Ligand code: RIB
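First comes one chain, alone, set out as structure tokens in the form predicted on its own.
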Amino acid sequence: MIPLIVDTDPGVDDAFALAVAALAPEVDLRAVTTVHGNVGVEQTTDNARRLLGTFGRPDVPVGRGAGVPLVHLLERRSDGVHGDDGLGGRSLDFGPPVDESPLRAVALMASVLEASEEPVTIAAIGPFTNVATLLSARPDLEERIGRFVLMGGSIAFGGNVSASAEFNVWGDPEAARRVLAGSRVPTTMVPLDLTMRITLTADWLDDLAATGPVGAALASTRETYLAAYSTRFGHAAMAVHDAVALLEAIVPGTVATTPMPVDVDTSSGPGRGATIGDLRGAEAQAVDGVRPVEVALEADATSVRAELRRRLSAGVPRR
């Protein structure tokens, strides 16, 4: 089984991603940690607890994480996309909430890594504040992390929160730079270039809702989120960025990647939060000595949608 920690800021697409992780039979979900992002950390923590309750996972500890970025305060949240509560106004429909761990996020991550006899995958699908703090506070544990799978960034697509920045990276560019450019952990970055091409239609969501309680609960969060994306796409469809990243975390090879060094703009100008992929490849590595990360730029969208439906309609497993 794949030992997994999910660091998240639920978030509609985070809810789909957590369902993928919580229901996956090949995953040993050892912790969920929460972070500021789509809504404040108090709400993301409550959402994570309620989602795990709905998915039948009271065994998974939830550790509350950073409420603010490492350096600059966030200028805005994503309530216009995810709703005031992060789950399209339906957060209280989920549950019962699982208990919150007495350990905060970084301490919980460290305890999981210390106890594990095999490398642990960390899937980070919100701003990367907790992960960057872990790397800086406990560098001795870096070798125990088998892989980072990060939903964030953009290479050529542009941004979704500014002209140049994707939300998770924009939410804490300094943290993103620490993780992407300053870590030795093998890393797969799943950017907007890919996730904006893997969309779910309103009909797909109706079909998911008919599969059972989990599918119905997830589909119920869609109203604000679907409306925001439908305006952008010009038809009734939405992207579930984080679910694509989680599928890659538990089924390596779901996405096709290109290795490249990636840096992050941490300036205070209009480029703040932009991820800069060095497309020079081997030449860039030889000249600059920057380690490459695997950037997911291609996937079979039809296959990904089919696999998401299969997993999200499977129901709560017996454990």
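Nothing here was measured: the structure is a model prediction, and the numbers come from that model. Definition used throughout: the rigid core is the maximal C-alpha set that superposes within 1.5 Å between two forms. Sequential numbering from 1, following the sequence displayed.
There is another form of the same protein, the form predicted together with the named molecule; it is not shown, and what comes next is about it.
Task: Position in contact with the named molecule when the complex is considered in the model of the complex, options M238, A175, L192, L113, heavy atoms within 4.5 Å - done: By the 4.5 Å heavy-atom cutoff, the listed residue in contact is L192.
Task: Listed residue that, although the named molecule is not shown, lies within 4.5 Å of it in the model of the complex (heavy atoms), from M151, L87, A249, V131 - done: Result of the distance check: M151.
Task: 4.5 Å heavy atom contact, N47 and the named molecule in the model of the complex - done: Output for N47 is no: heavy atoms all beyond 4.5 Å of the named molecule.
Task: V244, heavy atom within 4.5 angstroms of the named molecule in the model of the complex - done: Close contact is absent here: in the model of the complex, V244 is far from the named molecule, nothing within 4.5 Å, heavy atoms only.
- [ ] Mark F167 yes when one of its heavy atoms lies within 4.5 Å of a heavy atom of the named molecule in the model of the complex, and no otherwise.
- [x] Heavy-atom contact with the named molecule at 4.5 Å: present for F167.
TODO: Answer with yes or no whether I125 is in contact with the named molecule in the model of the complex, where contact means some heavy atom within 4.5 Å.
DONE: The answer is yes: I125 has a heavy atom within 4.5 Å of the named molecule.
TODO: Name the stretch: of 95 to 103, 159 to 167, 137 to 145, 206 to 214, exactly one has residues whose heavy atoms fall within 4.5 Å of the named molecule in the model of the complex.
DONE: Selected range: 159 to 167.
Task: Contacts with the named molecule in the model of the complex - residues in 47 to 73 whose heavy atoms fall within 4.5 Å - done: None of them.
Open item on the list: Quick check on F157: with the core superposed, does its CA move 2 angstroms or more between this form and the one not shown?
Closed with: Superposed on the core, F157 moves its C-alpha less than 2 Å between this form and the one not shown.
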